[in-house]
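In the form predicted on its own, a lone chain appears below as structure tokens.
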């Protein structure tokens, strides 16, 4: 039986590590007002920061499609808890222009060209992981996506542990000491500042060069825009995929019959990826700001209020996905919102799907079965934004 969870507990470690009980209890009340961010965690935020929770599929889908009413700009934590990030915290026309700058790096054609290299990295990491019980997070799901995004950006993938530390610090708004968080973020910004200087002197075929050379309406990007873009690419380029792959492998380790089905029919690999995106969405929630007074499911949300869009809850809404807490391969998954919807649909979705597909095929080629090791996995509890594992010990059988 589910432990009773109050609305103001949505940002606690308990809910972060297992949000689905909270969604089941609270979805029918949505939209409701809750404490999104406690007082005193961030200098300058002396009172609790409240927001409206959207948990029903219809409300989430509607908000994601209506960027004029539910703006990505105007987050009160910008400049206090994190630096301004372009693209994800922008609305049109800025968003449109910035997205156009990096679109070509994430096209299906570019990803197909990169696939042999990604497969090589995947197999190299699996070779290094060795035999017996392996923490797949440390040995694979963290390094692979960071090495891939590092290659696209033109930074050394061997530094993946440092990059992951920066990424974790950025996302750990509620759970990490703010002084430590800001120290890590500043370290990251200084690093990308040096990379930008180097690319101005000697350009290369990478995203950082594209940013320092780009012009929008005849003007170069400002330094803070370049650094914010770099930070966003690093974080978004690894977190979603790290958590997606870990969630897939956890599902499969608990379902040996599904592993055998995949070995016999590789055509199901993509279906497993899509159902995992719905079932255990790697990004659980993001914030928006209401630009006008708006009514959602009969509830009035005032202009200027924060709104939290719960992707993970929408993807488990029984009104959209019957028996949503069951992992099934016979669903219509075209409308899940794991990668968002509308103009902010995840730029890196094709890359994340490709990395997951490469991973599954590499593992299916090598192993007849996988199962959980030790006491099972440990869910991350630092960031309310993402859903994944800190530790996932697996045993691979050849």
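Positions refer to the first chain, counted from 1. In this text, all values refer to a predicted model and were calculated from it rather than measured experimentally.
A second form of this protein, the form predicted in complex with ligand HEM, is not displayed here; the remarks below concern that form.
- Per the 4.5 Å heavy atom criterion, ligand HEM in the model of the complex is contacted by stretch 347 to 355, the sole one of 365 to 373, 347 to 355, 326 to 334, 27 to 35.
- Taking the partner from the other structure, ligand HEM in the model of the complex has a heavy atom within 4.5 Å of a heavy atom of residue 95.
- Ligand HEM is not drawn, but in the model of the complex it has a heavy atom within 4.5 Å of residue 283.
- Using a 4.5 angstroms threshold between heavy atoms, residue 53 stays clear of ligand HEM in the model of the complex.
- With a 4.5 Å cutoff on heavy atoms, residue 339 counts as touching ligand HEM in the model of the complex.
- Three-residue candidate spot 15, 42 and 173; no residue lies within 4.5 angstroms of ligand HEM in the model of the complex by any non-hydrogen atom.
- The contact with ligand HEM in the model of the complex, taken as any heavy atom within 4.5 Å, belongs to 87 out of 231, 87, 144, 249.
- Note on the partner interface in the model of the complex: the residue among 272, 149, 296, 253 having a heavy atom within 4.5 angstroms of ligand HEM is 149.
- Although ligand HEM is not shown here, in the model of the complex the stretch 363 to 398 places no heavy atom of any residue within 4.5 Å of it.
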